[in-house]
Each structure stands twice: as structure tokens, then as C-alpha cells.
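Next up is one chain by itself, shown in C-alpha cells, the form predicted on its own.
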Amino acid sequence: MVHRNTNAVRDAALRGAGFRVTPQRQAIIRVLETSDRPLSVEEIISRMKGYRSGVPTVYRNLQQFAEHGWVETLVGPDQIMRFVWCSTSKHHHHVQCEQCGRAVEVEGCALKRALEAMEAKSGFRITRHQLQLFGLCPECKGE
């Protein structure tokens, strides 16, 4: 599901997080919100119609968005880092199609017991995790 915000809501979220509302930030968010698949920085820049922005600027903004939980990074089978817009701030994972690259957000996590067992074995207190799931979407598997 692609999460779409109005400009006013998006701008209020930016301001609320302490960001200046800039055309580049708005364009980055708009590109990610309207994509059904994770995008590389180069793909984001190429879709920012009418806005000139350098790779370092886009990376910096994406990093800041990730710190706020708006964006997650996914590394695909090709080992390229891509970014996906998160429609929820609740804990979730993404499932990505290995064939077409489409990604969907799946809320919740059933790893609680496994993480507790890992903590007991390792002595670590696990503070976060990232699970990458790959498969075939309904279209690619022929449904």
C-alpha cells in the first residue's frame, strides 16, 4: 500500500520534526510516497522532476528521515541500498519481490521469543533488529 499525505500534512510533519520545509525535501518524500518499490538515491534524483539536488544532499535527507522512522533502507539481492517510505511508525517489516522489486509493508513482528532466546544465549540486550524478507509478489508468482 502506498501512503499518500497531503502537502499540508507532509509539511507539518517536517516542521514538527524540526526540519525546514524545502522543495528538495518535499520532492524526495513525494517520490518515495508514490513508489511501490524501494529506490536507490540515483533513482530518487532522476524522479525529482524540476528539482536539482546532489547525491550528498539526498543521502543526508534520507538519513534524517530514517532517524525519524519515515524511511527504511533495504539492501536487495544485488547489494544496492535502496530506500522505502514507511506508512507507519509502528514496528514493521518489508517483503520485497525478487523478480519485480515491488515491496509491501507488513505490520507487526512474531520474533519476540526468538529474540529473547538470542539475548539469553548471547548476553546482549537486543535493542532493535532489521529483518529483510524476499519472495515473489502475487503478480510475479502468477496469481
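Residue numbers run from 1 along the displayed sequence. In this text, all values refer to a predicted model and were calculated from it rather than measured experimentally. Basically, rigid core = biggest C-alpha set you can superpose within 1.5 Å across the two forms.
Beyond the structure shown, there is the form predicted in complex with another copy of the chain, which is absent from this document and is the topic of what follows.
Based on heavy atom distances of 4.5 Å or less, which listed stretch (95-103, 64-72, 38-46, 23-31) is in contact with another copy of the chain in the model of the complex?
Stretch 95-103 is the one.
Does Gly123 reach another copy of the chain in the model of the complex, with heavy atoms at most 4.5 Å apart?
Yes, Gly123 lies within 4.5 Å of another copy of the chain in the model of the complex.
Interface membership of Phe134, another copy of the chain in the model of the complex, 4.5 Å heavy atom rule
Judged by the heavy-atom cut-off of 4.5 Å, Phe134 is in contact with another copy of the chain in the model of the complex.
Would Arg15 count as a contact of another copy of the chain in the model of the complex, using a 4.5 angstroms cut-off between non-hydrogen atoms?
So Arg15 does not count as contacting another copy of the chain.
Please check if Ser89 has a heavy atom lying within 4.5 Å of any heavy atom of another copy of the chain in the model of the complex.
Residue-level check for Ser89: no, no contact with another copy of the chain.
Using a 4.5 Å cut-off on heavy atoms, what residues in 81-118 are near another copy of the chain in the model of the complex?
Result: Met81, His93, Val95, Gln96, Cys97, Glu98, Arg102, Val104, Val106, Glu107, Gly108, Cys109, Ala110, Leu111, Ala114, Leu115, Ala117, Met118.
Please state whether Arg20 has a C-alpha shift of 2 Å or more between the shown form and the other one, with the rigid core used for the fit.
Arg20: C-alpha displaced by less than 2 Å between the shown form and the other one.
When you overlay the rigid core, is the Cα of Glu43 off by 2 Å or more between the shown form and the other one?
Comparing the forms between the shown form and the other one, which are aligned on their rigid core, Glu43 does not shift its C-alpha by 2 Å or more.
So, superposing on the core, is the move of Ile126 at the CA at least 2 angstroms between the shown form and the other one?
Yes.
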